[in-house]
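First, one chain by itself: the form predicted on its own, in structure tokens.
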Amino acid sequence: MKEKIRIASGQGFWGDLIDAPYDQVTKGEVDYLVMDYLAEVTMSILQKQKNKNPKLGYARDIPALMKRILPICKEKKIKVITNGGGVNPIACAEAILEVAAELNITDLKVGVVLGDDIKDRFDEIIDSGCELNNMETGESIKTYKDKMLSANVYFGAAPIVEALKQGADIVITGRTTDTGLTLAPMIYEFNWDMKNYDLMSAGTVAGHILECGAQSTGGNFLGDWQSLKNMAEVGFPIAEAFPNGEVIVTKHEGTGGRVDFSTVAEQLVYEIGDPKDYITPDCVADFTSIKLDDLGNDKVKVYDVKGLPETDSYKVSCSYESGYSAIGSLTYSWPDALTKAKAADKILRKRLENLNLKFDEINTEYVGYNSTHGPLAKKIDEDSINEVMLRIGVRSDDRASVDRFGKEIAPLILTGPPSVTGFAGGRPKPSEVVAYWPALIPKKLVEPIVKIMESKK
């Protein structure tokens, strides 16, 4: 058993800093590189790509990245774990093996986690007594199943651990929990008992700190963010993990940003719901038990985490087609910019009403005034504002109504309030709305599958 391992975060979402994974494996010593590419909406985007081309459906940044880092990872014996397989982990693994062949790397094992995609199993699952009821509305999925674009179960660390046990150098998964990517190497390297829920929770907390990339090293930081240094070269977080469950959060020496009590504590309360019941497939972590010690020099110790047994269900992330939307904008300048924008909105809404168009929702924002805080926005002195952008969007099951809305924005330029600019890109076109459907499924109805794929010798 190792005395400690260093787990490096390389991506917080698909679209994060392209060089971050390379920096993590070149600017210091690490044992694992973990990369989180997925969000709920990402799965539906990837499914659409796969529907058009069966070789797609994964984060397409991965092959190019592997071309850069694979020789380094092999030389340094760094293992890579990512959920960037999306809805097509096999195709992602095949693409990586093609890169390995180009690089003449002949001893590579890629572990693939399958079984999370249940989109083709709705009838079977419903017949078993589980209607995948929406966690927010309680509705059965029965009436929506034909509209579903994707349906993926959140697996935890267990199948990743199994892939590591089978010798995988790289593990590619689909919709795995963000925290499971970091917990898995800790279970594997330290031979943790997965029924020791304090240890499972300690690893889960470490995963939560790493999952959003540089958000725990100064990115998106609400504290004294102006004091952060060299954010242009921000260092991504690293978890130094120990067999007893203690973790030291740090970053590579000489990189930008900062690791201290405040940056780590702020990330800990990000997207957690009830802090006493942070539910994952591996455990229920009690975030109120966490202790932090700021050790200085970009090191924070995380320890004494407590947890409870896992639940008997997995969460399922589904997405479905929900009509069409379009968004248009115009910018009004000083003087009386906000008054002009409000008048334009009133004119446009009356024209839409006169046309008898059908909308489920019409939403107006005044960028520069209330687009962030909505009704909580403070009153403003109009003379102090140089410009306001009117941004208005509509949503409807009737595509024709949405299409006609797009044709009513440009006419405001000559038939509405004065001092208008900012119309670019042509008429806004209807785009498909993808809605989110969260559900639970009994664990007994889903079985993760681990497949090892090897480079040709």
Partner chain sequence: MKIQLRDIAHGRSGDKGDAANIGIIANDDDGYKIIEKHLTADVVKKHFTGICNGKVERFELPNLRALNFMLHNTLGGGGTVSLKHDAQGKTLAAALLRLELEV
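None of the values given here were measured: they were computed from a predicted structure. Positions refer to the first chain, counted from 1.
Another form, the form predicted in complex with its partner chain, is not on view; read the next lines as being about it.
- Using a 4.5 angstroms threshold between heavy atoms, Val394 counts as touching its partner chain in the predicted complex.
- Taking the partner from elsewhere, Val99 is found to have every heavy atom lying beyond 4.5 Å of its partner chain in the predicted complex.
- Among residues of the shown chain, Val41 is one whose heavy atoms approach its partner chain to within 4.5 Å in the predicted complex.
- Although the partner is absent here, Gly219 sits close enough that one of its heavy atoms falls within 4.5 Å of its partner chain in the predicted complex.
- Taken together, Gln49, Asn51 and Asp123 are entirely out of contact with its partner chain in the predicted complex: none brings a heavy atom within 4.5 Å.
- The contact residue chosen from Ala343, Ala265, Leu308, Ile385 relative to its partner chain in the predicted complex is Ala265, the criterion being a non-hydrogen atom within 4.5 angstroms.
- With the partner removed from view, the residue among Gly254, Gly273, Pro335, Gly138 that has a non-hydrogen atom within 4.5 Å of its partner chain in the predicted complex turns out to be Gly273.
- Shown alone, this chain has one stretch from 246 to 254, 91 to 99, 182 to 190, 280 to 288 that lies within 4.5 Å of its partner chain in the predicted complex by heavy atoms: 280 to 288.
- Residues of 359 to 374 placing a heavy atom within 4.5 Å of its partner chain in the predicted complex, in sequence order: Glu361, Asn363, Glu365, Val367, Ser371, Thr372, His373.
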